[in-house]
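Alright, two takes on the same chain below, each alone as structure tokens: structure 1 and structure 2.
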Structure 1
Amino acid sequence: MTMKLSTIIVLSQLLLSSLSLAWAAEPAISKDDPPVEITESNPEREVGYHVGDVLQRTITLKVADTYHLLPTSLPLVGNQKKYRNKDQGIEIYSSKMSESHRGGFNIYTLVLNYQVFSSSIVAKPAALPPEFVKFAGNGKLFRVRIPSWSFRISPLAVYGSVKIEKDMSQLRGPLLLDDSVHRQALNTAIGVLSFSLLGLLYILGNRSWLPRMGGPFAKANRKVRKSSDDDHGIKSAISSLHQAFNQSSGQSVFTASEFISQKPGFSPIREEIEQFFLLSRAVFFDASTPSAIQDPPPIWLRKFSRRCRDCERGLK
């Protein structure tokens, strides 16, 4: 029995001495270590995490290019840190490192994903643990501490009755009603209203999108352009232009002078209007009416309707 006890004591001493040796092998963090610039990018919110959630933080380490990071010092995947000998329930889910070199510096980008394996019936504090990485170079070996990041793990469900007045956490923010249906209805109403206003504007604008658009001659011009070159097409084109003359002057028009006396803006094309009325007379009433038109009637009518439209828009 005594033998056994002494053996245990010896063994424990051996274990302790080996552990102390192991601790002694880790380099201590010193002020004299070469500078390493640490930049962290942590999750946006600090609360509302549940069991199973994955939190990602990106750490950038910038160090003089005479030093390099020892990959063996990187955090191990599957490792779970303990605090006061208790599992924290935060495990490294994945780890990825990329390296670049710029301006005399080695830049290491470390993407660490942690998964939460802890839950509670009330919100409890937690932290992504600090990590230590090692650098070597210039005959030196030193450690750098990546700081921890605190957050809160929330329960999956509210336990017991909750009095909202006594639970006014700043971190949670106000409780919001679901307004998506109303918002959708509002957006639809705004859309319908906008469309109606556009329609009203179009109607008030005498069925034209811009001033002087959509006048009788603009409409006639569109019809004349589409009319065929046969006899029926010519008659249809002339009828459309007659309609435009009548609408423009507000009464039936039979002569150029009658029209120009009402619409002096058309006086630059007086001669063409006179020719048009002669052409109309020849087509509809008296085939023997002489005409001074050189072009074939369909081509001439297209040019003429365009000229009329231009005059209507104030373009001489």
Structure 2
Amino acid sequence: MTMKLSTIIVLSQLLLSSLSLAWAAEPAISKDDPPVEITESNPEREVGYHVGDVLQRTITLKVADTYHLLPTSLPLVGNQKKYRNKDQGIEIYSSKMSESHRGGFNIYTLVLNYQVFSSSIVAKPAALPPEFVKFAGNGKLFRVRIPSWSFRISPLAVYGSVKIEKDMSQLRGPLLLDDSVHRQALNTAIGVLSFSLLGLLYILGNRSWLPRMGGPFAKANRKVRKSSDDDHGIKSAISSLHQAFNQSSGQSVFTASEFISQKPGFSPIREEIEQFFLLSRAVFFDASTPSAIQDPPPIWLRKFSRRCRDCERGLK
């Protein structure tokens, strides 16, 4: 009996000593622990999360380079979080750590992803509970507490009637609509409008804003449009057009074939060019020269100069 009692006492002492060693090995948060600077980066919003959503936290731990974080103390993937011994419906989806060294400090960056797999018919509060990580160095072993972060889990469907003006939480933020399709359509319409206006400017413009807009016939067209309807105005308009023909071909021309051989782009108005040279001969040299134009000379010259300007710009 005495032998059995002594054996029980010895076993009890061994059990107590092992428990005391295990308790001593578990670090406790103490004021004497080395300082660790903690920086949190939590999700932007605190409400509106549903079952299946993933919440990401980024924690930065900065400690003197004589201490290092124990990787074995990182949160375990798949570990369900509890509050007062009850499952919250939140588990660690992934855990990633990166390490850097700068200015005599070790900097650890933890990227923790939590997934929600709980739902309810009403919005309910939840929290990413505090995490504890361990550091070692200089003969010390201590742990650091990462603060918790509170949020709310929303139901997938709303039961009953809801007045939206009474459901506008200040934490929700504005309800934004996706306008990417409309914005793309607007940008397309603006592009088509700009191209159309540029085309109209090129067709109707009289100034040299764009390439091939300041040619000899463009200048002659401006002069013809401003000329008067009397004999002096007709002669001035014809002289301006003669000067444009000479400048465009680089030499003096008197027939349509001679000009078109050098400027094939004017072939669509060959007949009108021939009528112009006949009109010029009738005005300056021989009034009896027949002219095939149907309109009065001032009106016909304005139309002809416009046609020449369009051919000069490549508008056929």
Partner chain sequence: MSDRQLADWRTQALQLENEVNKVVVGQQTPVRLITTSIFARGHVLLEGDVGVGKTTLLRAFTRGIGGGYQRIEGTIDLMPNDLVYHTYLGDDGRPHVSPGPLLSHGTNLSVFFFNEINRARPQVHSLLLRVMAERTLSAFNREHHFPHMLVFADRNQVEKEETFEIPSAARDRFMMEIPILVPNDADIMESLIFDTRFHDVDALVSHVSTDILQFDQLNQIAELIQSSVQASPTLRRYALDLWLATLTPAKYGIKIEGVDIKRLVLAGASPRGIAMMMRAARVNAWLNNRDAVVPEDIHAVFHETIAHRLVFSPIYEMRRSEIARELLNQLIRSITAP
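What you see is a predicted model, and the numbers here were worked out from it, not measured in a lab. Residue positions are counted from 1 along structure 1's sequence. Throughout, rigid core stands for the largest set of C-alpha atoms superposing within 1.5 Å between the two forms.
Q: Only one of structures 1 and 2 is the form predicted on its own; identify it.
A: Number 2 is right.
Q: Establish whether a shift of 2 Å or more occurs at the C-alpha of R281 between the two structures, with the two forms superposed on the rigid core.
A: Yes, shifts by 2 Å or more.
Q: Compare the position of the CA of Y49 between the two structures after a rigid core fit and state whether the shift reaches 2 Å.
A: No, Y49 moves less than 2 Å.
Q: Determine whether the C-alpha of G191 shifts by 2 Å or more between the two structures once the rigid core is superposed.
A: It does, since the G191 C-alpha is displaced 2 Å or more between the two structures after the core fit.
Q: By how many angstrom is the Cα of A220 displaced between the two structures when the rigid core is overlaid?
A: The alpha-carbon displacement, core-superposed, is 5.7 Å.
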